[in-house]
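Take a look at this one chain, the form predicted on its own, written out in structure tokens.
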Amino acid sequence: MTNLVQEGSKVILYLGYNNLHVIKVKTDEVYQTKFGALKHNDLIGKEFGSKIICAKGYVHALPIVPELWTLALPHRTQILYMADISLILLELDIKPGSIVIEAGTGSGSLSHSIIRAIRPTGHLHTFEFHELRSKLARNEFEEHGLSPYVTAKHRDVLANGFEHENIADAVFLDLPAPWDAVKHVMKVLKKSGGRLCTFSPCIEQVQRTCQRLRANGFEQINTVECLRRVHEFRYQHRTKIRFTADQNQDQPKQEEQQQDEEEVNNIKSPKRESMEDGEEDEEISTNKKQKKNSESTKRQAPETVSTLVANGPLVMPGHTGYLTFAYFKQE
């Protein structure tokens, strides 16, 4: 796959966060953006990732990769996002050379990530109940240069199965009644064993699926709900807390206290013979008190420390669905 934009290439235009558009490059055509007109001729011959200048700003021309395609694809159905996709690929142990069965192609979000993981020697067989959605997905795979690694078919797998036997390392089901497909999954998984994942939005679907899996000898059954929480990191400034007394600071305090007591005794002493002496003593006492207050303020100046803290969201993100994983090995 070339790294240059050519005529007929699919390009994702990045205009900003959550502002991505997919275009097909054609000679002499113009695409209107919020930054002004973008001429397709300005894209041809440029490297993917290049900054393209428009009249009022610029855009970036990015390639079709699974992470960006998931954010920019045309939604034909509800799709899976990268939080769920990454967990699915991990738990199903999908790697280069794996043979994967997918039931419920939908908009092709998960399919693109699976294909990248199994290349160059693996293969994805994906099935879709809706004929038009299956055709559109197949066309997208061809445009993105993925046809050698995927076979997309229109088929009702709940009624007719997967038309394959003992070939799959992993199976993914995004169906309204995944428990009815368990018998077909058992036939399509390799005899040496394979893993299954089902995606269900309702817990009642999960319960029925788990009961059917357990009844048919599946092992390691577990269900996960994957929620993405974005944390904000910032510095928090607070006063340093001292939990132990400083003995070196206590000693000068005791000495000052003794000096103050002596000065008070001198002020009250009957040796003062005139008013001038009394005023003098009073002035000395005032100066001492001011000095003491100044030193006390200096000693008590609060010491602050800065700590990097993470703040989670006040509201949890909404529920998407439950992922149920299981392992099956034919005896």
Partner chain sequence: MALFKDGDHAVLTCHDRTKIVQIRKERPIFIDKNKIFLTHLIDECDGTYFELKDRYLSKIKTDQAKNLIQTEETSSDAAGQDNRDLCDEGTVNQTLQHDEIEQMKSEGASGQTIISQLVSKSATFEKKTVYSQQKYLNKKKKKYIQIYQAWKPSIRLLCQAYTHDLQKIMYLRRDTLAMLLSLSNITHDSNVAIVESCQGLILASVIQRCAGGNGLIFNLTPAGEHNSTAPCCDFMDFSEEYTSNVYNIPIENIGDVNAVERANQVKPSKEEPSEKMLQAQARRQRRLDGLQLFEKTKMNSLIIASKYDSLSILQHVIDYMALCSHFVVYSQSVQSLLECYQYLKKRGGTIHVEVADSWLREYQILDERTHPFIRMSGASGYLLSGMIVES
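Positions refer to the first chain, counted from 1. Note that this is a predicted model, so its numbers are computed, not measured. The term rigid core refers to the maximal set of C-alpha atoms that superpose within 1.5 Å between the two forms.
Just so you know, the form predicted together with its partner chain exists too; it's not on screen, but the next bit is about it.
- Taking the partner from elsewhere, Leu227 is found to have a heavy atom lying within 4.5 Å of its partner chain in the predicted bound form.
- Its partner chain in the predicted bound form is approached by His60, whose closest heavy atom lies within 4.5 angstroms of it.
- Remark: Glu131 does not count among the residues lining its partner chain in the predicted bound form, judged by a heavy atom distance of 4.5 Å or less.
- A residue is said to contact a partner when one of its heavy atoms sits within 4.5 Å of a partner heavy atom; Pro201 fails this definition for its partner chain in the predicted bound form, lying far away.
- In short, of 161-169, 180-188, 92-100, 136-144 it is 92-100 that has heavy atoms within 4.5 Å of its partner chain in the predicted bound form.
- Taking a 4.5 Å heavy atom cutoff to its partner chain in the predicted bound form, the contact residue among His75, Arg238, His231, Lys153 is His231.
- Only one of Cys197, Leu80, Val157, Val206 comes within 4.5 Å of its partner chain in the predicted bound form through a heavy atom, and that residue is Val206.
- At a distance of at most 4.5 angstroms from its partner chain in the predicted bound form, none of the three residues Val30, Ile44 and His123 contributes a non-hydrogen atom.
- Counting a residue when any of its non-hydrogen atoms is within 4.5 Å of its partner chain in the predicted bound form, the hits in 40-56 run Glu47, Phe48, Gly49, Ser50, Lys51.
- Once both forms are fitted on their rigid core, the CA atom of Asn19 lies less than 2 Å apart between the shown form and the other one.
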